[in-house]
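Here we start with a single chain on its own, the form predicted alone, put down as structure tokens.
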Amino acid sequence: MDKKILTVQDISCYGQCSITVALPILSALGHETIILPTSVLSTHTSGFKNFVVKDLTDQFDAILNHWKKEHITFDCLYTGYLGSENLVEYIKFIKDNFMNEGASIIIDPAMGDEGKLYPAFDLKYAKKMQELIPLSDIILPNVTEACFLSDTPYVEKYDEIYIKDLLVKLEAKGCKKIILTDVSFEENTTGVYSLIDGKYSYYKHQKIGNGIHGTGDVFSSTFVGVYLLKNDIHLAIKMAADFVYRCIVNTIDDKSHWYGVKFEKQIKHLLKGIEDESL
């Protein structure tokens, strides 16, 4: 039976991130994707000025009540950028009331990068996000987010011992599958370091540029889609990382396209990779 994925995150109308990335990627991978937008932004918040934001959480009770009456349920809950502490409580409610037996709870705690929280967040929000860790089957933080989730001081230069310590601290909070993105031990490479059911793994590739907005959303959406399709977490990590790399390569020379990655025309290569894995 086809999987139904509920993704809860914002809609940035312009900027290739959050739902405008998740919906096409998950749909292309064959999943019925249901959205619950937390807010609508005219653009994303990185590099644009005077963007317009409309919070949508005042509609959540009505939407969820309607879904309850219609007996609507889901096979996966995938969260991205939430935006407010009360949304953590809504995520708990959705998990308890709308998920089918055996459903996957996958949390991308999108709230910061480069050692800092995004402008909309504070330490109180980061602390509240920690409550989602024990409810999750898989969490997908970057190094900055892992530090805030584990109350660990962020450092720019780190070694493998530091990364393993981060993962162990997160595991101790109740999640047995932690996938840490944008982990770089040397100047020219970056990758994904994971702790999955007590076993460490690191998948790396060439590092291009200094980071482009939205690549975390591309990684998370691709990971979720491949994981639910193949039920192979390491394959999902590899394919998601490879897809992000391909998207960056496709974008890096276009200086006018600074606000995201051009992922759309690369989806065909992702699907070809899925087909090849099935042979």
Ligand code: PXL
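Given the structure is predicted, the values throughout are model-derived calculations rather than measurements. One-based numbering along the sequence shown.
The form predicted in complex with the named molecule exists for this protein as well; it is not shown, and the discussion that follows is about that form.
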query	finding
Region of this chain that lies against the named molecule in the predicted complex, out of 233-241, 210-218, 63-71, 25-33 [heavy atom, 4.5 Å]	210-218
In the predicted complex, Phe148 touching the named molecule (heavy atom, 4.5 Å)	no
The named molecule contact at Tyr118 in the predicted complex, heavy atom, 4.5 Å	yes
Any non-hydrogen atom of Ile248 within 4.5 angstroms of the named molecule in the predicted complex	no
The named molecule contact at Tyr193 in the predicted complex, heavy atom, 4.5 Å	no
Heavy atom contacts to the named molecule in the predicted complex at 4.5 Å, residues of 25-62 in sequence order	Leu41, His44, Thr45, Ser46
